[in-house]
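The form predicted on its own is given below as one chain in structure tokens.
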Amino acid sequence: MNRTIPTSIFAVSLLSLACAHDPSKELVSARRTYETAANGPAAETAKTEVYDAKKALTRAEKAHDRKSGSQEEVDLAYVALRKADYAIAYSTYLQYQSNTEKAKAEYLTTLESQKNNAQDQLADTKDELEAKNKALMAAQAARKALELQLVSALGSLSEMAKIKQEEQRTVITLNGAVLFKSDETQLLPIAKEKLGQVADVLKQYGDQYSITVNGYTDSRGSDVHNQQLSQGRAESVRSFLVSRGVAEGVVSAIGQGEAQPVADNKSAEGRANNRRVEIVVDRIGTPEAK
């Protein structure tokens, strides 16, 4: 019994001595937080603040060495903890600020690039519109010059043909008696001479016009015969015009028979007027400058 009591007292004394050297929970927290700051981004971005936390922790450690668990240790450990927390928070703030400035710079760079691209596109569009407008004006000038040439050329045909001009159409009417023998579709030699002059005019129109050769007869004979005769005559005129250089793709031939008379078929003069070939020239392209 007497041996047991001193042993128990010794054990309690050892326990009390061990507890006396344990750090306070504030010091433990300060150590842990400082380690986080010293080994994280704050070590690079907030060096001054981390150094201040280290000094504060050193003071807390010295207070612990002097007297563990003392109020001085607790107070200094609390200061060290707050400084370590501040170092981490300040590092996070600096990183956020850096990211924000970087994002802002990238955004401004993107805006500048978009602005430059838009200005380039605007300049290209302006140049393209100006080029198109110049080309259109040149085409209009060329067309007006051509029209003047055509008016002059058509004037030379007025002695052998009737010329009717409208805004988008020109009708050249040739008497059938000048072109064909009675009831035939083969062109007379004089007809080829006259049509040669017509072809010289039509060639100048180019592919902006369509040309239709309409053949007509008087009312004598059957409808079928007159239709065939007018178609044959229209085809003869078309073929001759193409042979003289008029673009084949723009010329068509239509036999109208005895339809659409321009005079009374009861008189010889009226029938002669109805036996005709009309060459109709229609403009198919009329672009205008904007």
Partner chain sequence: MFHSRILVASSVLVLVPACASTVLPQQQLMDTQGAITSAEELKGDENPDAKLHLQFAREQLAAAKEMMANGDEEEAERMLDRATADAELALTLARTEQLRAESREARTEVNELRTEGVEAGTPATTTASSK
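If you're wondering where the values come from, they're calculated on a predicted model, not measured in any experiment. Numbering follows the first chain given and starts at 1.
There is another form of the same protein, the form predicted in complex with its partner chain; it is not shown, and what comes next is about it.
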* Would you mind picking out the stretch of 175-183, 189-197, 69-77, 206-214 that comes within 4.5 angstroms of its partner chain in the predicted bound form, counting non-hydrogen atoms? => 69-77
* To do: Quick one: from Ala141, Ile163, Ala135, Ala118, grab the residue that has a heavy atom within 4.5 Å of its partner chain in the predicted bound form.
  => Ala118
* Asked: Can you pick the one in Arg169, Arg220, Arg82, Lys126 that has a heavy atom within 4.5 Å of its partner chain in the predicted bound form?
  -> Arg82
* Asked: Does its partner chain get within 4.5 angstroms of any non-hydrogen atom of Glu130 in the predicted bound form?
  -> no
* Classify Ala145 as contacting or not contacting its partner chain in the predicted bound form by the rule of any non-hydrogen atom within 4.5 angstroms, answering yes or no. => no
* Asked: Are all three of Tyr86, Asn99 and Lys102 close to its partner chain in the predicted bound form, meaning a heavy atom of each within 4.5 Å?
  -> yes
* Asked: Quick one: which residues from 109-129 get a non-hydrogen atom within 4.5 Å of its partner chain in the predicted bound form?
  -> Thr109, Thr110, Leu111, Ser113, Gln114, Asn117, Ala118, Gln121
